[in-house]
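A single chain, nothing else alongside it, follows as structure tokens in the form predicted on its own.
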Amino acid sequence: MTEFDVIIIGAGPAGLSAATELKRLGVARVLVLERERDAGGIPRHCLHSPYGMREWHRVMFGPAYARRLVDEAREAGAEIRCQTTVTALRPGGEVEVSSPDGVHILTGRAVLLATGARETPRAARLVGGTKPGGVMNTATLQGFATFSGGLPFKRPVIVGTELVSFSALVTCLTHGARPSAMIESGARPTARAVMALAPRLMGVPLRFGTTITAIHGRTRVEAVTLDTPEGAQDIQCDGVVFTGGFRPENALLRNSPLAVDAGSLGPRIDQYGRLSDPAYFAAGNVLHAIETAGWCWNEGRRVARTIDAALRGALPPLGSTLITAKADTDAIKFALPQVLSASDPSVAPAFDRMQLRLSRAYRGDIVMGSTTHRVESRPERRILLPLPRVTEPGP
């Protein structure tokens, strides 16, 4: 069994920024575990900008941004092990890992989960038809563009209108593919309304109130069936890109004793980023699918500071006061943190505001304890509200 001060699971923006910050704070043994061949997270695949504005006040493309994150963590003294998969989380900061060297048990005085999020695949969307080649999510698309030098189709259909959907659109257009259509089940784009101009300016039809019900083709995609306001329609295409519908990468959590939040599907945390086992912390998109790389980078740094406080014995005890956000409908998708521990003025919380997301458009009151907030927002927008204060630890 090998012991570390902090083990970080995931080498994306949250995990790498946390590693750099922990070393800056003087934490001795910091280990970052990454299952992929290379560290850097999703930005490694993203051949577009802007990245780096929040972090270094400059515009960068994804691969350069990822390299800088990795370089800073290594130069600070953090150890990064790639091709290493965590297979189990055990109580007290003990993790089981599998690597080319075999299966090992590692122990951290603290463990940070920074495993990120993943897109909803075809199977979970219940899309019927055949199973030809050319069906993928955005990460696979960008992997083709970055590492294979080209795309496996010329006329795909893009499903979704989140920010990542428009990233997929740009990737297609800059690598010789012109989508047959971009489709959205709602009446307007999930991303900001101005984004709807982009596909139209680029000559790509954008169809609202439309879902994909079946994919057709033998070895390659040949067509799809759409459910539209005018009824069922078949359109010709040679690929399908399912974008967005992000959910936390929570497979480790589901098979662990750690508490999972039913709304976010990520871990339940307090304002210091601690999980139900106080040896564990979390930051980044494992908490809130999905935020920008810059937001996750900053969150990783903030949680690193509370981890440092925990290592020094300076954090208040883990509380058990559950906080909930209530609306007069079922519009709230999730809210975090979900637990409040006692506040200590000497330690800044990693999460100093309640973060909410809505599952649909909502205008009305949101109640937290004795406080009522008036909110007007559309789905998948970040909403930040003041946290109530707790002066005593929970029972």
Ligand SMILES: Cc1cc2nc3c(=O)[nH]c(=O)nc-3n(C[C@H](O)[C@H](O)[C@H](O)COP(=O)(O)OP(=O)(O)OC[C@H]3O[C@@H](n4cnc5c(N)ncnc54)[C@H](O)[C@@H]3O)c2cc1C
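The first residue of the shown sequence is 1; numbering continues from there. What you see is a predicted model; the values in this text were computed from it and never measured.
There is another form of this protein, the form predicted together with this ligand, and it is not shown here; the text below is about that form.
Could you tell me if all three of Val127, Phe153 and Gly239 have a heavy atom no more than 4.5 Å from this ligand in the predicted bound form?
Judged in the predicted bound form, none of Val127, Phe153 and Gly239 sits within 4.5 Å of this ligand.
Go through Ala145, Ala191, Leu106, Leu252 and name the one with a heavy atom inside 4.5 Å of this ligand in the predicted bound form.
Of the listed residues, the single hit is Leu252.
Going by heavy atom distances of 4.5 angstroms or less, which of Ala198, Leu311, Ile290, Leu226 would be at the interface with this ligand in the predicted bound form?
None of the other options qualify; the answer is Ile290.
Is Gly294 near this ligand? Define near as a heavy atom within 4.5 Å, in the predicted bound form.
Residue-level check for Gly294: yes, a contact with this ligand.
Taking heavy atoms and a 4.5 Å cut-off, does Val204 contact this ligand in the predicted bound form?
Val204: no contact with this ligand in the predicted bound form.
Within a 4.5 Å heavy atom cut-off, is Gly364 in contact with this ligand in the predicted bound form?
Although this ligand is absent here, Gly364 would stay clear of it in the predicted bound form, with no heavy atoms inside 4.5 Å.
Using a 4.5 angstroms cut-off on non-hydrogen atoms, would Pro50 count as touching this ligand in the predicted bound form?
Yes - in the predicted bound form, heavy atoms of Pro50 and this ligand come within 4.5 Å of each other.
To test your reading of this chain, name the stretch in 316 to 324, 176 to 184, 265 to 273, 109 to 117 whose heavy atoms come within 4.5 Å of this ligand in the predicted bound form.
Contact-bearing stretch, as computed: 109 to 117.
Could you list which residues of 85 to 102 come within 4.5 Å of this ligand in the predicted bound form, counting heavy atoms only?
Thr85, Val86, in sequence order.
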